[in-house]
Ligand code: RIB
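Listed next as structure tokens is one chain, alone, in the form predicted alone.
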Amino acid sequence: MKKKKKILLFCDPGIDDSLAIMYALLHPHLEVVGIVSSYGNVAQEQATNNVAYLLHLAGREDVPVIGGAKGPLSGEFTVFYPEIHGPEGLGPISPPDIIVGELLNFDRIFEIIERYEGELTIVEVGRQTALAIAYILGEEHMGKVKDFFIMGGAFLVPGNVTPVAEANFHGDPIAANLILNKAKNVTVVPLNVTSDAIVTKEMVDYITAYEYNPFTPLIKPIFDYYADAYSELIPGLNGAPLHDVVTLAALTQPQLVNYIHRSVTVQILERTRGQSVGDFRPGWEAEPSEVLHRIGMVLDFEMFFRDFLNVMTRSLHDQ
């Protein structure tokens, strides 16, 4: 039997984050050992309630929920996106107030890392603020993480919040730079990969034709809301990209994404804020391996959708 990959998930649900949480809990080869909820698509308090709601549906209240960041390191005002994710982050769904048994203190992150030293993957699909704070407060612990998968950046394609910047890196470029500077074994899954993971309403209709698990009734209304929002943003787009799900899928399927290795930095000046920078010039000379990041470049969409279909139609009892 294939050994499960242990993941500590940093997120800000949000529709695509919520689908990623469902995917992670249903995946037979992933073991979610904790979730860190932060601001981003919605305020931190709402993100935490959304996490608790999804864990409640799954009967997985055993998964620790850790309070992450409430705003960026710069202290700037945070802009939320209700037109994309809905006023409470789940599209048209107003989730009930689910009481988290205990919203755990930030130190639990370090306890989880110590417990799973050398075998834990941190997956970050939101702003990198909480992850940066973890480095500021406990860098000696962070070196014991096996690897990092980060959804962020945009290489050789336009951004999605400015012409040059993707939302996660733009939301806190100081934090993103800190992570890229300090973390080891980093895989960056950027917009040029995730924007190709376009799932259509017809695909979701197929996935939700039968109630396979407690998430099934939730998938269609939240996805339809998300897809309708994208149709306004990008006229003619038939569906919506699942940025955060791709990041988790890339962890479980090494052949899903083609990669190159470059050193990545993030711009912090206002005009280029959040722009991800790597050297893609012909004749590039390799830098020391310890400063290189693995950057996703091309997605195998057919492989992605087969995997998404198989995972989202699983029962929670099929683990």
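Start at 1 with the first residue shown and count on from there. What you see is a predicted model, and the numbers here were worked out from it, not measured in a lab.
What comes next is about the form predicted in complex with alpha-D-ribofuranose, which is not displayed.
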Counting any non-hydrogen atom inside 4.5 Å, which residue from Leu248, Ile179, Leu90, Leu191 sits next to alpha-D-ribofuranose in the predicted complex?
Leu191
Quick one: is Asn50 in contact with alpha-D-ribofuranose in the predicted complex, heavy atoms, 4.5 Å cut-off?
no
Decide whether Thr129 counts as a contact residue for alpha-D-ribofuranose in the predicted complex under a heavy atom distance cut-off of 4.5 Å.
no
4.5 Å heavy atom contact, Ser276 to alpha-D-ribofuranose in the predicted complex:
no
Although the partner isn't part of this model, could you tell me whether Asp172 comes within 4.5 Å of alpha-D-ribofuranose in the predicted complex, counting any heavy atom of the residue?
no
Pick from 120 to 128, 217 to 225, 203 to 211, 179 to 187: which stretch has non-hydrogen atoms within 4.5 Å of alpha-D-ribofuranose in the predicted complex?
120 to 128
Sequence-ordered list of residues in 144 to 179 near alpha-D-ribofuranose in the predicted complex, where near means a heavy atom within 4.5 Å
Met151, Asn160, Glu166, Ala167, Asn168
